[in-house]
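Okay, here we've got a single chain as structure tokens, the form predicted on its own, with questions on binding and movement later.
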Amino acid sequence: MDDAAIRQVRRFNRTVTERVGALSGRYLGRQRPLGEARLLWEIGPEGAEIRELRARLLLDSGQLSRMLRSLEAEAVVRLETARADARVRRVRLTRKGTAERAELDRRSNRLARGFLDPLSERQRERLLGAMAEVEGLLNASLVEIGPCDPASRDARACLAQYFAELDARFENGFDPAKTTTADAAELKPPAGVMLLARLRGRAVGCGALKRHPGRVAEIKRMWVAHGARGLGVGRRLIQALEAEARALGATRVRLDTNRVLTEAIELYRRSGYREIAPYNDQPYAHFWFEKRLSASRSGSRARGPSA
């Protein structure tokens, strides 16, 4: 990445922060900085769990606690413990907080109109289209990929959604019990690994690797949530799984797939997988693919946002 690209990103950031008024301690003309105003918006009419706010806004515990204490001191929010689980803390808007959030909402709409009013119709279309593209790309840059316990709540939730989608899309439905095995024990090192893709702390995709004899690894359970498709999550999961395969000593990666999963088939082919003869008796498979792995440049497995 060259210096010109870095300068362009920084110039864009300066323009946006100036235009939205982030530099002022009185965001939208109110006696409140931007961070606290955004926090009020995210808490919303229904309230929110504190851990969800932390993940959604990418705040550390100390920073979020300070902001919440400030808002609580002004009687704008109140903190409470969830009835079902005393370990879970929630925050809700008070009547005063609800009124302030509504006023911030009105002022935010006025600010947005201020972006668009000076522009011609053609310029508005260009700006809105550019905003949508930038939002998607920024969301893509926020996706983090890393290993997980295949028996964890998030992993099981992803697999449940994956199985439900296959059941809806396959011609005769889908029964996991009829497929080749990929249970939790087979997806833990050294037998294998399972990866989760997360966006703002929420699991939006998964992929797993199962080790076989002969320095072969098999990709299993590849799935991306509908709301995260188009962000390149599937491509990054494939790359991260290949890095894990190298770390496990594999020189080849295989996978099978169903003919209705056209987008997955296209992804595999774009990623360098070639069609081979069937290597298993998977009842739902119509295509079998393989890729020979090149040596890792760094010798280390992929982790985090760079995976």
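Basically, rigid core = biggest C-alpha set you can superpose within 1.5 Å across the two forms. Position 1 is the first residue in the sequence shown; the rest follow in order. Everything quoted here is computed from the prediction, not taken from an experiment.
What comes next is about the form predicted in complex with the DNA, which does not appear here.
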TODO: Find out whether any non-hydrogen atom of residue 62 is located within 4.5 angstroms of the DNA in the predicted bound form, and reply yes or no.
DONE: yes
TODO: Decide whether residue 47 counts as a contact residue for the DNA in the predicted bound form under a heavy atom distance cut-off of 4.5 Å.
DONE: no
- [ ] Indicate whether residue 88 is a 4.5 Å heavy atom neighbour of the DNA in the predicted bound form.
- [x] yes
Task: Residue contact check: residue 247 to the DNA in the predicted bound form, 4.5 Å heavy atom - done: no
TODO: Mind telling me which stretch in 77 to 85, 127 to 135, 213 to 221, 103 to 111 gets its heavy atoms within 4.5 Å of the DNA in the predicted bound form?
DONE: 77 to 85
- [ ] Select from the listed residues 260, 34, 267, 276 the one whose heavy atoms reach within 4.5 Å of the DNA in the predicted bound form.
- [x] 34
Open item on the list: Check for me: heavy atom within 4.5 Å of the DNA in the predicted bound form, for each of 51, 54 and 66, yes or no.
Closed with: yes
Open item on the list: I want to check residue 62: does it shift between the shown form and the other one by 2 Å or more at the Cα, with the core superposed?
Closed with: yes
Task: Rigid-core frame, C-alpha of residue 252, shift of 2 angstroms or more between the shown form and the other one - done: no
TODO: Could you tell me whether the Cα atom of residue 72 shifts by at least 2 Å between the shown form and the other one after core superposition?
DONE: yes
